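Shown next as structure tokens: one chain only, the form predicted on its own.
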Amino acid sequence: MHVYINNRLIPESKAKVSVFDHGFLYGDGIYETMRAYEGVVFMLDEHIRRLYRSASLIQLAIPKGAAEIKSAIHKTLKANSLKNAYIRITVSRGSGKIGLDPALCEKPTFIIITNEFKDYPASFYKKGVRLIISSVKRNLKEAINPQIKSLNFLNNILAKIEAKKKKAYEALMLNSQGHLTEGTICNVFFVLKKKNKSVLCTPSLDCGILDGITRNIVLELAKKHGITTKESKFKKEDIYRASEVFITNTTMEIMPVCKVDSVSYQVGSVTKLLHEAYKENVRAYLAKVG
């Protein structure tokens, strides 16, 4: 495998960054993950825009324009003979002397890693995955803006450790006010029944979550199919009384949930409809862009 580092494709065995890189020392950097289907990177423009947004919010100057980033991605995919792939772009502050001052780093480190995309187990989509609500709280949005896809992931890692100890696939986090936010790597949706009507609920951005690209697509698809949506502040008790739950991100798309803590759920009609609608949306995108 070859890794793209600062304008060069380098064999994996030689792909290294300095121990003085501030991404390594302080988590000072940003990232984006993408998925390629048959050589087409899904929602590429949206991911690049979000990368620039993250960079702007931490006052980091990305050393490439959007067209250059696209070219570098496709060059890396080609070098690794990949069509169906997981793609990660990482941009750190770069190498510099010890200290928090960004001015210590002369130029950012720009990295693209691509790997063959391996499908999630079919059983995950058929039966669902198990979640817990973690005791680890989501970072305060006033402390770290959730719109920054930051390399600072210790908060999420601690929640993931708890999930693994409890033999769960993923952990959902509450904020300091006890409202649902998101998982360690995903957004969450759930269906509440109100007067024989299904309402698709998801935590609002005010709760301190990332505005996931897949999350936005799901909300659009729900409205297109006549499903009422509600973005609001929810307690864990709200998800406990849901009829369906699913999680979303770029690689898993729409993943059904069979259990949250001790409460079980079926893979219901709303989840199935949106999962198929999302697949169709991907197919339409590939036909248009490819």
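What you are looking at is a predicted structure, and each value in this text was computed from that prediction instead of being measured. Note that residue numbering follows the sequence shown and begins at 1.
Form predicted together with N-(5'-phosphopyridoxyl)-D-alanine: not shown, discussed below.
I213 is the sole member of L192, I213, L219, V136 with a non-hydrogen atom within 4.5 Å of N-(5'-phosphopyridoxyl)-D-alanine in the predicted bound form.
Site annotation in the predicted bound form: the residue of T76, N156, T90, S198 reaching within 4.5 Å of N-(5'-phosphopyridoxyl)-D-alanine with a heavy atom is N156. Residues within 4.5 angstroms of N-(5'-phosphopyridoxyl)-D-alanine in the predicted bound form, judged by any non-hydrogen atom, belong to 179 to 187 and to none of the other stretches in 128 to 136, 97 to 105, 199 to 207, 179 to 187. Though the partner is left out of this view, Y265 does not reach within 4.5 Å of N-(5'-phosphopyridoxyl)-D-alanine in the predicted bound form, counting heavy atoms only. Interface membership of T33, defined by any non-hydrogen atom within 4.5 Å of N-(5'-phosphopyridoxyl)-D-alanine in the predicted bound form, is confirmed.
Although the partner is absent from this view, N249 contacts N-(5'-phosphopyridoxyl)-D-alanine in the predicted bound form, with a non-hydrogen atom inside 4.5 angstroms.
Using a 4.5 angstroms limit between non-hydrogen atoms, K160 is distant from N-(5'-phosphopyridoxyl)-D-alanine in the predicted bound form.
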